[in-house]
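For reference, the chain that follows is the form predicted alone, supplied as structure tokens.
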């Protein structure tokens, strides 16, 4: 087995993932815990960190640590300033910020990115910029349009190996709020995914006929027995994702035509987005969340934080 050369952390809002990597970027060991930043009490980040990877550091004293995600946000361990767009691997590497723990551990935090569109409203990403590095080749971002499904879904454009545009859509959070805390969620019952109900929702969301009006159909379809209550969740998901695609397409249309996209996400959401995008007449391919690990490795290698093979 290859020798460990780097510890990479993907520390987001709801989860903590750690990877022990070789100098070739191979995953030697990995840890996943439901200890995202929202679960960590003030002043306890180092405790969570040491509890998770302290045994790796004890066995390999000189290992560098690189981390990305919300751990570098204002609500995280230490706030790291956002780098401006456009930005690529070199700019992300230049923005690495050193965090030294009470035990003398050295962590390098990857900066997020800030962007202001023509409307002057600021937008930010933390974590997706690393996935874009990992979704490319040899540590360089690949040109194209990317979609990152999640609580706060992100769309990003890479041109010339740099992120030049991105936008956030609160699709996942809206789904959760409506499902759990609105009248729309009351009749919903658990059941298998309903592909037909999802597709019907996507069509409604893509229609640009007004999401606030369309949302009420979740209630009326149930009220008049026009859709099983076990299918309402799939329908609502389709409505919101369809509306996201329509809005993103409209905003992107102001700068470029799109036909093909890359969806970067997990096994549950990514296929759902690919299906919705294809229903909208677009070509889409999925890339797994392992892009984060590859991205962190390439940034660490660019910054010469670890000795790599070759």
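Residue numbers count along the first chain shown, from 1. All values derive from a computational prediction rather than experimental measurement.
Absent from the display: the form predicted together with a further copy of the same chain. The rest refers to it.
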**Prompt:** Of 135-143, 95-103, 150-158, 188-196, which is the one stretch near a further copy of the same chain in the predicted complex, taking non-hydrogen atoms within 4.5 angstroms as near?
**Reply:** 150-158
**Message:** With the distance limit set at 4.5 angstroms and only heavy atoms considered, check whether 184, 215 and 220 all reach a further copy of the same chain in the predicted complex.
**Reply:** yes
**Request:** Although a further copy of the same chain is absent from this view, report whether residue 33 comes within 4.5 Å of it in the predicted complex, heavy atoms only.
**Result:** no
**Prompt:** Would residue 82 sit within 4.5 Å of a further copy of the same chain in the predicted complex, counting heavy atoms only?
**Reply:** yes
**Close approach of residue 230 to a further copy of the same chain in the predicted complex, 4.5 Å, heavy atom** = no
**Prompt:** Even though a further copy of the same chain is not shown here, does residue 251 get within 4.5 Å of it in the predicted complex, heavy atoms only?
**Reply:** yes
**Prompt:** Heavy atom within 4.5 Å of a further copy of the same chain in the predicted complex: which residues of 98-125 qualify?
**Reply:** 114, 119, 120, 121, 122, 123, 124
